[in-house]
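Just the one chain here, laid out as structure tokens, in the form predicted on its own.
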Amino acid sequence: MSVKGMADILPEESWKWEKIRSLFLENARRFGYKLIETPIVEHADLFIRGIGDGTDIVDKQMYLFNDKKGKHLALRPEGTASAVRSFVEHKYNSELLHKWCYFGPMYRYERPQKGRMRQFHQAGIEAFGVDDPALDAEQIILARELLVGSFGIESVKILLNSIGCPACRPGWQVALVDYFRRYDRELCDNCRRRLDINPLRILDCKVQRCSEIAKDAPAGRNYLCGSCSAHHNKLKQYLSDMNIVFEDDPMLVRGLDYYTKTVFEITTDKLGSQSALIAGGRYNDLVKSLGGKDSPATGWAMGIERIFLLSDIKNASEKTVYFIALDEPSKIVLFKLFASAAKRRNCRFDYKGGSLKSQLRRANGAGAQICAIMGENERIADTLLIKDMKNKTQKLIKIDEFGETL
């Protein structure tokens, strides 16, 4: 039995997985994002410092362990902190624009649910070096293009907000504490704890009573400084000019502490409570807090399992040719043809042999569209019998015509 929350990707579905990865990388590269791969295992302190002590990920969900030398390590629960660690460690020039993308497994210890396992996969993009709302708009446009244009997920909604910066957010936090103190006994245990650590987390609570109370909480937009307000308004203008429909949601926050200014989610109504498909925003202070030079940054992450459930990607793979030999001498000749053809297209060779009927049955089970058949008569005449499995037709060709026929 596999470990709870750790799922296999079976051969019958892996083609779709590969297609999603390919489409993500193709779209990301068109926008200038280059692939980075970071280790699955990182120092635990990276995520504690980066994501934030007091968040659910750090307090409840991280897979933590000590190695043989006693170093405190973690399986990565998300991709941004690792990307920033790499940006800092390899001393990238913080004054230039760097655009990265990634695709890989993440780990969080939580109740397995539809579209989110304990080992799950994310694709994401990160951009370093520019604090410009046009870059935020670019990333949202790319996210929407992926979901709608490439994955065929039509029913999506873009939620947008600004949670301010260290200069203006404290005023909002004070107002939130004053408001939620009035409901102290009605909040869940987690939110009572969050009240003293980070009251913004209460706005993200999924407990029904906490959500009800949060609806009337002070909105962050009323506390934005001039810079944050201008950034947010300019972002909305860019999106509107591109005819991108969005909802300005003053209660939207993210479950990670590193965000500044822009936060957004792209959601669907097709997955119940697990509605977010892509989420992200700006994290202008994270590079500096993890030891690098001050560098603005922004990015998002996409849950691949949820995309897998919703996308209407079709398997448009090329036709598969199935090679059937009816005797041993023919097998030797046919195998040479198979090995040559497999360099150029999808091919399968029937190693079990047996009757023509049994081999055709296996070819059908393998999804073959064309069968190349050779028995004694065909071998003597230097011919092949080509059978079209879909149209139920067949024809005899010369062996030297095989490549041209395919």
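C-alpha atoms forming the largest set that superposes within 1.5 Å between two forms make up the rigid core. The first residue of the shown sequence is 1; numbering continues from there. The structure displayed is predicted, hence computed values, not measured ones.
The form predicted in complex with the RNA is left out here; the points below concern that form.
Engineer: Is residue 355 close enough to the RNA in the predicted bound form to count, meaning some heavy atom within 4.5 Å?
Structural biologist: Although the RNA is absent here, residue 355 would touch it in the predicted bound form, with heavy atoms inside 4.5 Å.
Engineer: So in the predicted bound form, does residue 261 come within 4.5 Å of the RNA, heavy atom to heavy atom?
Structural biologist: Contact check for residue 261: no, nothing within 4.5 Å of the RNA in the predicted bound form.
Engineer: Test of understanding: in the predicted bound form, would residue 115 fall inside 4.5 Å of the RNA by heavy atoms?
Structural biologist: Answer yes; at least one heavy atom of residue 115 falls within 4.5 Å of the RNA in the predicted bound form.
Engineer: Is there a heavy atom of residue 149 lying 4.5 Å or less from a heavy atom of the RNA in the predicted bound form?
Structural biologist: Flag for residue 149 set to no.
Engineer: Which residue, 331, 232, 108, 98, is the contact with the RNA in the predicted bound form, using a 4.5 Å heavy atom cutoff?
Structural biologist: Of the candidates 331, 232, 108, 98, 108 is the one lying within 4.5 Å of the RNA in the predicted bound form.
Engineer: Heavy atom within 4.5 Å of the RNA in the predicted bound form: which of 71, 206, 215, 314?
Structural biologist: Contact check passes for 206.
Engineer: Tell me, please, which stretch of 150-158, 282-290, 232-240, 120-128 lies within 4.5 angstroms of the RNA in the predicted bound form when heavy atoms are compared?
Structural biologist: Careful reading of the contacts points to 120-128.
Engineer: Going by heavy atoms, what in 357-393 lies within 4.5 angstroms of the RNA in the predicted bound form?
Structural biologist: The stretch 357-393, when checked against the RNA in the predicted bound form, contributes 357, 358, 360, 361, 362, 364, 373, 375, 376, 377, 378, 385, 387, 388, 389, 390, 392 at the 4.5 Å heavy-atom cut-off.
Engineer: State yes or no: after fitting on the rigid core, is the Cα displacement of residue 367 between the shown form and the other one at least 2 Å?
Structural biologist: Yes.
Engineer: State yes or no: after fitting on the rigid core, is the Cα displacement of residue 26 between the shown form and the other one at least 2 Å?
Structural biologist: Residue 26: C-alpha displaced by less than 2 Å between the shown form and the other one.
Engineer: Please determine whether the C-alpha atom of residue 376 is displaced by 2 Å or more between the shown form and the other one following superposition on the rigid core.
Structural biologist: Residue 376 C-alpha, core-superposed: shift of 2 Å or more.
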